[in-house]
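First comes one chain, alone, set out as structure tokens in the form predicted on its own.
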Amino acid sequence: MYISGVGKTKFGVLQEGLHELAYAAAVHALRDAGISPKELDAVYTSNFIGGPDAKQLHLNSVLVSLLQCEGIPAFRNETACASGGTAVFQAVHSQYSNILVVGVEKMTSASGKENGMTIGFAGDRLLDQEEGLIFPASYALIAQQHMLKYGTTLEDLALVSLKNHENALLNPTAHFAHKKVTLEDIKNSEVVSSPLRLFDCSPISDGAAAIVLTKKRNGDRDIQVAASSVATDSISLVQRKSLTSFEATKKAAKEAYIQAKIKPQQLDVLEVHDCFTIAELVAMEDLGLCKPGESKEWVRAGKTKIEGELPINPDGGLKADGHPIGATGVAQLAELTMQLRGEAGKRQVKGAEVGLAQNVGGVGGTAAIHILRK
């Protein structure tokens, strides 16, 4: 499969509704691919909380209606924050030749209390929600254990946040494209769930992203999907043997490297699921970029900056590009496609030819890994 078109709206606090965002990203991707809706064989949509928040489910039919390509198969996918990645996985492994994948979320119209409740749906109802184990608390536990086991510090978490905010300033569609965030801002931000502070957490965002997948390569700008894999784990932290590693990421990554016939050392750029800063450190280790406990050394040395040895989240990541849940996994692949095309502008990673995206649902309950090749 090849990615022949990409589209992305602005991420952030937006006036547009769910339908408008999905349509805008879809049209952008179709134009980029140079095909019309009538040429599509199937549509896959990715969305998490359109039901409780926007009071709209069945988005697959909604999008087909908006694009006026009725009659073709259309599907809606939901696997929490991994919805976008798993929608692409299903599309890649399908029988169809021309496929549109659209991820979308409208989150900012709900109250903080409502968002807290609906986002919590991604955890275990009995073991997590009813015991008050919300996601910031879950990732705080992971951070605490990583610190105890490997000597990771608050400063390391702050450096991850700073790097991603610096990258977002180069990305005109990022949630934080307009806001310069300093190291002092990060260190002085409020504690959300110790040791995580406000700037260790991804924001509540609206937005949509889309890609067009084709069986055949139609031009020089088409980027190959060299690997597409998904793995799952137990949903709650209380069922895990380790709090410093996500088994689903490790299993999906292992399969992806086999499919692409590469090793982690051959990657040029990555998009990882940094819903919280600690998640980026854990991802680096689970993806085999470095040994367990060594990710902090990479961050301290600046290896993951755009100009570093192995750039991670050049668009700002979930932390600063934004995290409209259903759109995130698709947006990661749109970013990698632009990077491998050499079309990422001021945030372009020089010489990028192979990229990897990691999209995680819940606290590691689902992991989707894609490897793209120029």
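Predicted, not measured: the structure shown is a model, and the values here were computed from it. When you see a residue number, it is the position in the sequence shown, counting from 1.
Below, we refer to the form predicted together with coenzyme A, which is not included among the displayed structures.
Taking the partner from elsewhere, every residue among 179, 203 and 276 has a non-hydrogen atom within 4.5 angstroms of coenzyme A in the model of the complex. Judged by heavy atoms within 4.5 Å of coenzyme A in the model of the complex, the contact stretch among the candidates 148-156, 191-199, 221-229, 286-294 is 191-199. When coenzyme A is considered in the model of the complex, residue 81 lines it closely, a heavy atom lying within 4.5 Å. For residue 119, a non-hydrogen atom is located within 4.5 Å of coenzyme A in the model of the complex, even though that partner is not displayed. Using a 4.5 angstroms threshold between heavy atoms, residue 135 counts as touching coenzyme A in the model of the complex. Contact between residue 323 and coenzyme A in the model of the complex is found at the 4.5 Å heavy atom cutoff.
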